[in-house]
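Okay, so here's just one chain, in C-alpha cells, the form predicted alone.
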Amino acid sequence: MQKLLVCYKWVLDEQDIKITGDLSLDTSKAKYKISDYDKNAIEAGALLAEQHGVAVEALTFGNAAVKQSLKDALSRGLDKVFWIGDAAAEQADAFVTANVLAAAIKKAGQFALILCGEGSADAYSQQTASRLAVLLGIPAITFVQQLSITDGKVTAIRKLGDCTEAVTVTGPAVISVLPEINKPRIPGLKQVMGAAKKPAAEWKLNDLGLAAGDLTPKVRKLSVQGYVMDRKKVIFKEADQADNVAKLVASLAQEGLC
C-alpha cells in the first residue's frame, strides 16, 4: 500500500475567543491549535500507518502562523509535513483551500488515501474532502465513523442521519472522518522531542502553478459576529409527538416566527 496523507487546519482556539458587547469577536488573546476535527483525521492516518507499516504525511495551508503547528502535528504519529504559509489563507474559502491543497497533493506524489476531518473548527464548511476528490479525480467517502483496509480494499462505515452505509473502494480515495472514529492521542514527551527531528517542507503558493482565478474566493467574508442566545429554553415532553409538534408550532407562532 502506498503512503497516506492527512490534511489539517491550524485554527484559533474557540475557547479563547470572546464575544464583545457589539457581538464582534475579540481574538486578541486567542491561541492557535490544530482543528479538533482534524486531530481525528491525523489519528486515523497514524493508526492505519502503524497497522500496515506505511508512511503517513500531512499537508496544511494557512497564514504565517501555520508554521507553529508543525511540532504538534509531527508528534501525533506523522512522518512528514508539507506546509504552505501565505496571507491568502486569511480570506480563502472552501474553493480556494481545495485548489491549493489539490495542487500541493499533485506536487507531493501518490497517496493511497487522503484523510480530512469532517469540517474545520472555524468555518466548518464540510466541503474540503468532496472538492479535493473532484479536483484529483478520485472517489470521496464522507462522514466516516469506521475505517479499515484489508487486502488493499478500503472499507468505510458512513453515518447518514439515523442509518449507516458500508462502502468499499480500492484507493486512492479522499475520506472525511467523524469525531467518533477515534480518540486522538495525547503526545508524550518522547513524541514531542522526536517531532523536532522529523522533516517538514515549506512550499510557497507561487510554487503550485495556480492561476489567479484559482486563488480568488467565491465567497467573500464581510464580517463575523458572535451569537448570543436570548430565547428561553423550552422542552416539550408530551408522550404523543404530535402534541409536542403542535406546542412547538404554537410557541413559534407566539414569537411571530411562523
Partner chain sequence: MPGIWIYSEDSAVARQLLTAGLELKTSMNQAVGVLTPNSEDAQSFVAAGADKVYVVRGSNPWPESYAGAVADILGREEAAVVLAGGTLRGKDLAAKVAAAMQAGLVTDAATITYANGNIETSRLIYGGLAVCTEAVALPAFVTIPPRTFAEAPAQGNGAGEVVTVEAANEDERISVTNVCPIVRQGTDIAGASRVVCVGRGLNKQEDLSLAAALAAAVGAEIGCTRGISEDYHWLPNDRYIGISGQKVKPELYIGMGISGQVQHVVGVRDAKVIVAIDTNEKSLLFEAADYGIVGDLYEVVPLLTKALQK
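Positions refer to the first chain, counted from 1. Under this definition, the rigid core comprises the largest set of C-alpha atoms superposing within 1.5 Å between the forms. Since we're looking at a predicted model, the values are computed, not measured.
Not pictured, yet referred to below: the form predicted together with the partner chain.
- Only one of the listed residues (Val167, Ala88, Ala108, Ile149) places a non-hydrogen atom within 4.5 angstroms of the partner chain in the predicted complex, and that residue is Val167.
- Note on the partner interface in the predicted complex: the residue among Lys197, Lys204, Lys218, Lys190 having a heavy atom within 4.5 angstroms of the partner chain is Lys218.
- Of the candidate stretches 204-212, 226-234, 42-50, 65-73, only 226-234 has residues with heavy atoms within 4.5 Å of the partner chain in the predicted complex.
- In the predicted complex, Thr97 stays away from the partner chain, with no heavy atom inside 4.5 Å.
- Using a 4.5 angstroms limit between non-hydrogen atoms, Phe143 touches the partner chain in the predicted complex.
- When contacts are judged by a 4.5 Å heavy atom cut-off, Gln241 counts as touching the partner chain in the predicted complex.
- Although the partner is absent here, Lys80 sits far enough away that none of its heavy atoms falls within 4.5 Å of the partner chain in the predicted complex.
- With the core held fixed between this form and the one not shown, Lys218 has its Cα displaced by under 2 Å.
- Shown in the overlay between this form and the one not shown, fitted on the rigid core, is a CA shift at Ala246 of 2 Å or greater.
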